[in-house]
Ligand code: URA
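In the form predicted on its own, a lone chain appears below as structure tokens.
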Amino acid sequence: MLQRLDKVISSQGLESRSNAQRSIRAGRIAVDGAVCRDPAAKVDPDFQQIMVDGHPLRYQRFAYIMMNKPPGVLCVSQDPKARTVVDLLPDSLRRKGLFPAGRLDKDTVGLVILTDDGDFAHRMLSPRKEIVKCYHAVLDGPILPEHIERFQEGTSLEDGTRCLPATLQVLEEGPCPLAEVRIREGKYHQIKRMFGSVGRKVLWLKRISIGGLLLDGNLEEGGSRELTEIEKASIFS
């Protein structure tokens, strides 16, 4: 698809549109081996080679990024008063239009997908797709058999909202047990509200997976990296 040269360069997060125009006019950009000084020149980045200061531009129409979200960070694109998941991205992954596809609470940690592909995010979040999200939770009291049954039947929240059947499993027993929860939807504060409906408070919560995509165990909290094509597909498997 033909696009303006300055738009292609700025879309990759290398520099702003105005800076890209200055770089082009300064002769720093070559297209198929020839210097191009026209910011409005039409190029097809999927099929033409674009060089910036002698280095090939690795063009990506959309970005797909995995992050291990730390606590205390907002799961939004921008906020004037607090750090967001986009603020945590290294310069090499930053680009215009990135947003978290599916939010986590400020104090919840774990897997977040950031992208600028709205269609991809819609497919991932659509309730009709019933993509399973897996969470690990530490609770303030023991999990009883009746709690597991309530989750399997579909809990009713305090405001009357009915949740789809979910899977609840005890991973570690104790006064503050570790549990695994699998849900097929993403209502507001859903995990915390589900446990609240059975008289339990969530002390710690981490998202482990979305569909078939597992959080990379080598990513430290706050760390991020691009998804592979196989990982992207695994979300919908």
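In case it trips you up, residue 1 is the first one in the sequence shown, and so on. The structure displayed is predicted, hence computed values, not measured ones.
This next part talks about the form predicted together with uracil, which is not shown.
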| item | value |
| --- | --- |
| Single option in I208, V52, I191, C36 placed near uracil in the predicted complex, where near means a heavy atom within 4.5 Å | I191 |
| Close approach of F99 to uracil in the predicted complex, 4.5 Å, heavy atom | no |
| Non-hydrogen atom contact T108 with uracil in the predicted complex at 4.5 angstroms | yes |
| Non-hydrogen atom contact L104 with uracil in the predicted complex at 4.5 angstroms | yes |
| Uracil contact at F120 in the predicted complex, heavy atom, 4.5 Å | no |
| Candidate stretches 25-33, 59-67, 183-191, 40-48, one within 4.5 Å of uracil in the predicted complex by heavy atom | 183-191 |
| Partner contacts in the predicted complex for 119-140 (non-hydrogen atom within 4.5 angstroms of uracil) | Y135 |
